[in-house]
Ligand SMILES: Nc1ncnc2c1ncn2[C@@H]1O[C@H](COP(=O)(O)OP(=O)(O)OP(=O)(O)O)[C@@H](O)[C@H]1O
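Encoded as structure tokens, the following chain is the form predicted alone, with no partner shown.
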């Protein structure tokens, strides 16, 4: 990262710290507020230092991303993320995931490849699968769309992909996806094409996309769907590994103190294997306390 860009991030951080972002800039600040040209902000966004909170024809709202905040705080390398293929990847991608080095190498290669390769992470419910998807979503920003197979809408993949046209599609609980969305997924993965006839809207979209999915069960997936993925089986984390992962994520991503991170990991032990639960607790703990936040969120 150039010194000038680092200075801009510090200016943005100072602006955000001097305002109540949730009250004054709920949909993010614009270039007029920080007096930085839109083209510069767009470049910082593409490099992963900003995130889009809101976008319309007349307004684009930004905030510092976790990577941007970390660089301002001096906690991460200031090197520009590696940009090839579809996305830009920060050097610290997957650093909070213990083990699975072959999977990390594979996913980096998939995300940087010129042509799509699709990966399915399989295994019993565990932190590692969702954490891989979460890390990719964090790194790719608007270029990634996250779907949960058990909760896809009636509009399904067609409208989602057509409207946002992401580079990467992340699907959790692939084994629970409905038949209509599965058919759309097969079409996208095989030929990069979506065709749909609907009253008031016809769609014929030629579009290449990378799919990274997670599934608890492989046996329920059709042979046609499984054949489109490079399948990697993951083992669940042990108790000790889970505590280490949660502590690392909270300290490095959420700026939580090591003591509070240890307390949160301990309180969640046996209740969940989802790192997002730990993040939610960490964000509520300053107001509610760790024990109360865990009880309200997880019962």
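Positions refer to the first chain, counted from 1. Just so it is clear, the model here is predicted, and its values are computed rather than measured.
Here the subject shifts to the form predicted in complex with the named molecule, a form of this protein not shown in this document.
A heavy atom within 4.5 Å of the named molecule in the model of the complex is found for one listed residue only; from 136, 127, 185, 174, this is 127.
A residue is said to contact a partner when one of its heavy atoms sits within 4.5 Å of a partner heavy atom; residue 264 fails this definition for the named molecule in the model of the complex, lying far away. Contact check for residue 276: a non-hydrogen atom falls within 4.5 Å of the named molecule in the model of the complex.
In the model of the complex, no heavy atom of residue 165 sits within 4.5 Å of the named molecule. Contact annotation for residue 100: at least one heavy atom lies within 4.5 Å of the named molecule in the model of the complex.
Residues of just one listed stretch (268-276, 42-50, 60-68, 25-33) have heavy atoms within 4.5 Å of the named molecule in the model of the complex: 268-276.
Contacts with the named molecule in the model of the complex, taken as any heavy atom within 4.5 Å, map within 247-264 to 249, 253.
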